[in-house]
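Given as structure tokens, the chain that follows is alone and in the form predicted alone.
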């Protein structure tokens, strides 16, 4: 009888699996990615290596010395500190390579009303920290719809089959969101930010991502030296509009490789693919699925790829307090299989 290995589910709970069961889960995760996204499966030696990582009894695992990658962060800080104190904690205690200053509302629409305040915070951050500090927030297209925004609410219009009205509302919201993102990014760049981050892009569907792409393209044309990160919301772009295109490429339905091509074409300097976890499946299943989905993107990218491996994405469990055994296994697997530039 095979011995049982202690591992985790993607909700963070502990479970036990045999080595054969874990291998089957790794293969099943890859099969799911192949079926859904029509990507190539991981090679046999890659699955063997993943099995060695996830079947290990060690508490913590890591890449070899010399194989480390950059660690970038969104939403950096700590609740028990002021914002700048939280950044210093990440720099001096948690070995971060770059950080992100952010406002707790985390929406470019909300930040637009606070730009002078955020500029002063960025100035202080640049004076006190050594490593690069970006400014980041979400496109958050839903903020522009009623009752809080000026545009009709497409989430209400779509169930009523008022399709053209819903599409028109999203197009109106896109114009407003793009203008706000450009305004905030330029203001924080002027205040000394080392770059900007458009985080969770595409969360409200293809219109959300297209607004981001247009903002990136505008900023790249105006500021050739600006660092621009785009982190995705999910592995596939939802077609809430369905007919939007960026330079003749349909935005809806894009998987990580397609997302990366659009983001790179717009002019971003770092791309962050995101693959959501299925909390009812194992850590191994979720990680192998995520790696299979992102591998084509990593192979073709001409800009650095920093895969999202935070809470609930990239294979990392959906839990507010993340277990180091889970995070370290996912991180090592991601770096050694995909050969990414960062996490």
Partner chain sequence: MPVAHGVAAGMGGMRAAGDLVARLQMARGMRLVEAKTYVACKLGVGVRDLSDCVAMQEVRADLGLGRILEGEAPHPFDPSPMEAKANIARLIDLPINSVERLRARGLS
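Numbering follows the first chain given and starts at 1. As the structure is a computational prediction, the values presented were derived from the model and not from experiment.
Omitted from view is the form predicted in complex with the partner chain, to which the following refers.
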Give me the residue from 31, 48, 68, 40 that has a heavy atom within 4.5 Å of the partner chain in the predicted bound form.
68
Which one, 222, 123, 117, 162, lies within 4.5 Å of the partner chain in the predicted bound form by heavy atoms?
123
Does the 4.5 Å heavy atom contact test between residue 311 and the partner chain in the predicted bound form come out positive?
yes
Is there a heavy atom of residue 9 no more than 4.5 Å from a heavy atom of the partner chain in the predicted bound form?
no
Should residue 298 be classed as touching the partner chain in the predicted bound form when contacts are defined as heavy atoms within 4.5 Å?
yes
Please check if residue 238 has a heavy atom lying within 4.5 Å of any heavy atom of the partner chain in the predicted bound form.
no
Just to confirm the contact call: exactly one of 23-31, 284-292, 40-48, 53-61 touches the partner chain in the predicted bound form at a 4.5 Å heavy atom cutoff, so which is it?
53-61
Residue by residue through 101-133, which ones have a non-hydrogen atom no more than 4.5 angstroms from the partner chain in the predicted bound form?
123, 126, 127, 128, 129, 130, 131, 132
